[in-house]
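This document starts with one chain, in the form predicted on its own, laid out as structure tokens.
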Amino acid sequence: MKMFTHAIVRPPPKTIIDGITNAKLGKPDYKTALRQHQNYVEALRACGLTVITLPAAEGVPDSCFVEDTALLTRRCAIIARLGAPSRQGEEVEVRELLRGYFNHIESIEAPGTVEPGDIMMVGNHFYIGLSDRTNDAGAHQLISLLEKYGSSGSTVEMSEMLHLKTGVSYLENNTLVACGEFLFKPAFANFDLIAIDPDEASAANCVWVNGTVIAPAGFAKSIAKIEAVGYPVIPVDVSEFQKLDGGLSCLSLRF
């Protein structure tokens, strides 16, 4: 079971209101998003992590979703090539920062696209969702790089959600939190599934950190289900980030 020691975060910029929004939920409020992000950082620290904060990138509205810039494994960092054209370039500063922590840094190259919101680590294996942001070429490049460093990967077809981890999260001990299409995927048939009700679908994006689960606030049924199988839960309100189809996992790179 991996124990994390560090997290990289990037606060939301004032231009977050111009991010790639979920029109049904409206535009985020910057001051509320900033406060929620600070609470998220405190939750990471409460789980024992040293938090490294990059400066806000004012010209890049979605840059707070720093997870999409790189996949961090035990043996290497893999720099993503983001699938949303407006987000390409966010990875440059992250790459420079990671040079101080990883001896081996690889990259996804065109025409491949990979956003690590589509990648779920289970031990030494990585499930890769094929989405509008992660294409087949990128997934196969990623699998080759994982194998180069002694890990493995496999693809998961998906159709309902922006990213794989929008709808499924690994909580260690063979346990998945899942909703929607991910409740029925053959790839996940051998896991113990915590089924998230459709009216609390956003709760499927939660984060296991050193034995504790950071979960989105406001979803009492889902939090109770997670607690019932033995996990302490820290609820964090991320309503403003959900307006950009983002969630808890998107807001940090944990390693």
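Keep in mind the model is a prediction, meaning the values are calculated, not measured. Residue indices: 1-based, along the sequence shown.
Separately, the form predicted together with citrulline (CIR) exists; it is not shown, and the next lines address it.
Residue (of M120, L71, V177, L162) lying close to citrulline (CIR) in the predicted complex, criterion heavy atoms within 4.5 Å: When citrulline (CIR) is considered in the predicted complex, the option within 4.5 Å is L162.
R81: touches citrulline (CIR) in the predicted complex, heavy atom cutoff 4.5 angstroms: It does not: once citrulline (CIR) is placed as it appears in the predicted complex, R81 has no heavy atom within 4.5 Å of it.
Contact flag, I20 vs citrulline (CIR) in the predicted complex, heavy atom cut 4.5 Å: Heavy-atom contact with citrulline (CIR) at 4.5 Å: present for I20.
Close approach of G246 to citrulline (CIR) in the predicted complex, 4.5 Å, heavy atom: Within the cut-off, so yes.
Touches citrulline (CIR) in the predicted complex: K185 (any heavy atom, 4.5 Å): Result no; K185 lies far from citrulline (CIR) in the predicted complex.
Stretch from 61-69, 26-34, 208-216, 40-48 whose residues place a heavy atom within 4.5 Å of citrulline (CIR) in the predicted complex: Single hit among the candidates: 61-69.
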